[in-house]
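In the form predicted alone, a lone chain appears below as structure tokens.
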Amino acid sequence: MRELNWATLGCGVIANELEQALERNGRKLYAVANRTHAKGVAFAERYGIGKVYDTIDDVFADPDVDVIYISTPHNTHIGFLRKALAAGKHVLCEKSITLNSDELEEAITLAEANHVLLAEAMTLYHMPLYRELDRIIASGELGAVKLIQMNFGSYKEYDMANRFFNRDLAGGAMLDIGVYALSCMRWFMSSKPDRIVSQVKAAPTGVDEQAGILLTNPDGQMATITLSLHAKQPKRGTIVFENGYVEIFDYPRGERATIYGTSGKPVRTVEAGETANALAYEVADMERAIATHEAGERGDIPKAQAAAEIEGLMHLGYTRDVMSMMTEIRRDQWHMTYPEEE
């Protein structure tokens, strides 16, 4: 597998984690693009990265860039996706990948037309814990999934200019933390929910501050989700089966889960992976997916086989399902929109 040149678009917390993930494998980011050039320079100097672009658009024109990690605010994603995909770059984009399903479908169409990969950087899809839990579930020992409960709450100060509450920066609980809860729920559900009811409390800026969501899929599996941006609650997921339940704490980057029997007593603890390596797992899966994609493009393997293997690594189908649910809830049920949607 060839070594890929990664460029970061954005220099925030995630970009730092991305560089550190590459360094664990003896590598570095190839280049840095950032809206504020001075911040890009400082970031590159901190890590010894050799290239900083004068303007963001330069990253799309660089023929040596293979894959771009986009970690800018949500409402900027689609503009950068259009440019990166049209330029033939593979893209791993921070969640939420777009504002709504319309934008996501546009980006997917553009990726397909330019024969490149697009994926959302949804950490939990790449954590070894979830694959180990899948193995246990597939064994049948727990029986069928019946109920799922996902909690995610952060305490953010009431600063309405902050991105968490700022409508002009696509703030709100759904896109910032709800995407994690819905993605984890979708991982364990056998099919996408087709019935959704919800309630929401708006922040003074008009974005969603707090929400409760109830979902049911065609197989009768049900889920409840509670979200908050101004009230702390544990990042806890509970998946209820016929023969017991599984509890996962800090589920976006979970490394440990406890299995309980029908008596409510713990049966065993499952441990797999390390939270500290979350970005490294994402990078490794993206690079394997790109290698598989290129093999399919060359004809080394059938394209249908390549597509199936890529889906098993990056789960764009789940991303589509989650974005569809978020769009229905936020726009159709809550009638909450962002300026870009008006």
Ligand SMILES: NC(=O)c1ccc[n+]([C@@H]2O[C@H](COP(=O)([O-])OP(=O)(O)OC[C@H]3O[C@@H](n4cnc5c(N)ncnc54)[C@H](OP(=O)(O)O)[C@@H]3O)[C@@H](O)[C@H]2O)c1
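Everything numeric in this text was worked out from a predicted model, so none of it was measured. We number the residues from 1 along the sequence you see.
A second form of this protein, the form predicted in complex with the named molecule, is not displayed here; the remarks below concern that form.
Only one of 182 to 190, 109 to 117, 94 to 102, 138 to 146 lies within 4.5 Å of the named molecule in the predicted complex by heavy atoms, and it is 94 to 102. The closest non-hydrogen atom of S228 lies beyond 4.5 Å of the named molecule in the predicted complex.
For R35, a non-hydrogen atom is located within 4.5 Å of the named molecule in the predicted complex, even though that partner is not displayed. In the predicted complex, the named molecule lies farther than 4.5 Å from every heavy atom of Y245. Within 4.5 Å of any heavy atom of the named molecule in the predicted complex lies no heavy atom of L22. The partner is absent here, but in the predicted complex a heavy atom of P73, alone among P128, G153, G206, P73, sits within 4.5 Å of the named molecule. Note on the partner interface in the predicted complex: the residue among A121, L133, A211, L85 having a heavy atom within 4.5 angstroms of the named molecule is A121.
Interface residues of 226 to 265, taken as those with a heavy atom within 4.5 Å of the named molecule in the predicted complex (partner not displayed), are limited to R253.
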